[in-house]
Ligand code: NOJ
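So this first bit is one chain, no partners, the form predicted on its own, shown in structure tokens.
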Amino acid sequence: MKRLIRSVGGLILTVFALPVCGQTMSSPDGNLSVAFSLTEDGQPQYSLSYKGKEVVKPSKLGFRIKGAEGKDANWDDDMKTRKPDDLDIGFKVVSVDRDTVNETWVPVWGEESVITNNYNEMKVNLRQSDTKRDMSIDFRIFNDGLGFRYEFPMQKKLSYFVITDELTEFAMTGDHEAYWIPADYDTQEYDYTRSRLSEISGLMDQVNGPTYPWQHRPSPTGVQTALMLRTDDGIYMNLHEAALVNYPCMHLDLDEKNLVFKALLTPDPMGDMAYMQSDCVTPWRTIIVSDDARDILASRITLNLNEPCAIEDTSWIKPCKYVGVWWEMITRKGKWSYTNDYANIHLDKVDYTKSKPHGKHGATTENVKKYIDFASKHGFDAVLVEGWNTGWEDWSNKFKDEVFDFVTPYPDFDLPFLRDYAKEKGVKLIMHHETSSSIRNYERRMDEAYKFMKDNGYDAVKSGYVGRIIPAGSNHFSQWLVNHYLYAVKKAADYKIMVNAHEAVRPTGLCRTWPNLIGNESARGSEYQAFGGSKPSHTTILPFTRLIGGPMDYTPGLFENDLSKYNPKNKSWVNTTLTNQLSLYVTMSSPLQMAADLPETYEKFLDAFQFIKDVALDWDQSYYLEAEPMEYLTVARKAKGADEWFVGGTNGEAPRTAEVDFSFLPEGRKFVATIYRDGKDAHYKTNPQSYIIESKNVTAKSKIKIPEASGGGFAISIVPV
């Protein structure tokens, strides 16, 4: 990251045993105001106001902890036998540090080429009177929201300790409309539900999501972040976290009677939440607030609360547009495995040369060569190959902790030939590492696997974490797993490898610090269109929720809706129109974008496919033209370093007419806009492949109305005349 401008003004207020009356701080523009105070029994609390109106009522802060005996605490002790302790009441304010920051920084890739980081800061330093323990709460207030975190300075009275519960609250001012998915310690792959807060528990059993045997849904009123909210008087709020490092993922548990959310952390197998050693900090808790839904999409709070880039030379990190054999397997047209011979599947005993192939293996030399040819012909950067390595026959069995070695190809995958052939065609191959959630196996093989990648010309990997975590009892989003996902990204950076992690913890802006993390799944992706479908509104809520923390490998570009044409046994239907799929390349911005459908399908729609070929992956500027969560959004973006603009309009269930205001274009110039839109009779269920392509001359003064079908959308590419 290159720092361009920075102005800092600081004021340190130091008064021992400050009174309970509290401290306040406003955003740089004065619209937001946070108030901190102590209750009569000395518990920290905060509240938040927007334009003079309270949006978060006084909400308590603090922890339950154990094992806090001070410098003599020993990790070898039986932490489970220690009694829980309080780190919530009995505090006095020792001092308050204030600061103002106004700077800009340059991301390696993203929705803007320059990001402004402007906030006022208030760090409240506290001491617990009886125990003499110190804790600080750091508040940073931006024009579009608030971030706060806990800090534990080095101290004898609190050196090693275990957090058993975080008491952070978000007290709502009313029975708001919420856009939510259930709290789950192992997956985020749910369709979103829109309801009042008071209706969440009653609707919990009706949510549309996976039913994996390893899932842990902890509470009938628990929901995941990023949580989108809308008040009756038109205030939009987003609750999330930033910089999730060495700490468990936070969910939110709702007290439906009082309408108060409380932090719900992902536990370890012992039921504990986080093992801490001072000097340390927690992740930031974030609240984005505006009376305009577009401001939620435009907020960069999550990125700004993360540390600057930790990679000195980022020249090897490049946005990537790719194709791959993945959709064949997802639709069950093909298979990841090479054979149906399941006997003696332990890796040390299998001799694949003596196994009979079942004939549906997707990652064959011939098939991958076809994808390489298609990618080369149409200017794609890479081909993702899943199912290339041994072990897929029964990786969910009792031997899965050692079934994958990440370096041994199947007999019908000629890696040296495909490596050289792809290079000759100017195409990269993307590696796939399905860990089967055997964490220790992956970590002990990681150096060998990454070295194997570099030796064979791979510079990007898609990793997966399907299944119960091994060792048993751990959850996908616990502190240990959170640390593992970051460990994999850091280790990959040592080898100059980019990472696209699936089934990992949801992103919290760490891509600023580690920009080789070019993609995550961490939500209900396109694959669910092959598993019974997703709601037509699904991609109109993801930018307000999942994408708040970073880009998603959503794998758009599905042109064939009737999946029985790929596999007669698959009766699923893709619940969007064709031009809706085109819009996602703009509205769901990512430096990693897949054209997910089969080459033979794209050959039937080459005129529409042209937009996928043309659309940029990296941006100089983004403009949010229209937005309403779970209903619609229209986004325009300028390609980085190019005189080109792209617009995407993604629509939900209800047909509507979008109005595109081209005032984002430079004044005094003429442009040609190529518009890909729904046909007059288009509908995601009855006529999804009906589309129109037309060209219009436009200027910065132009406004165009574009009809959007149910589950529809549009895409526009704009170039100078």
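For every residue, the number given is its place in the sequence shown, counted from 1. The structure displayed is predicted, hence computed values, not measured ones.
Although not depicted, the form predicted in complex with this ligand is the subject of the following passage.
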* Asked: Even though this ligand is not shown here, does residue 502 get within 4.5 Å of it in the predicted bound form, heavy atoms only?
  -> yes
* Determine whether any heavy atom of residue 134 comes within 4.5 Å of a heavy atom of this ligand in the predicted bound form, and answer yes or no. => no
* Is there a heavy atom of residue 169 lying 4.5 Å or less from a heavy atom of this ligand in the predicted bound form? -> no
* Asked: Do residue 111 and this ligand come within 4.5 Å of each other in the predicted bound form, heavy atoms counted?
  -> no
* Structure fact -> Testing 502-510, 214-222, 96-104, 249-257 against this ligand in the predicted bound form with a 4.5 Å heavy atom criterion leaves exactly one stretch, namely 502-510
* To do: May I ask you to choose, among 442, 619, 544, 336, the residue with a heavy atom within 4.5 Å of this ligand in the predicted bound form?
  => 336
* Asked: Which residue, 154, 310, 203, 466, has a heavy atom that falls within 4.5 Å of this ligand in the predicted bound form?
  -> 466
* Asked: Are there residues in 418-447 with a heavy atom within 4.5 Å of this ligand in the predicted bound form, and which are they, in order?
  -> 432, 434
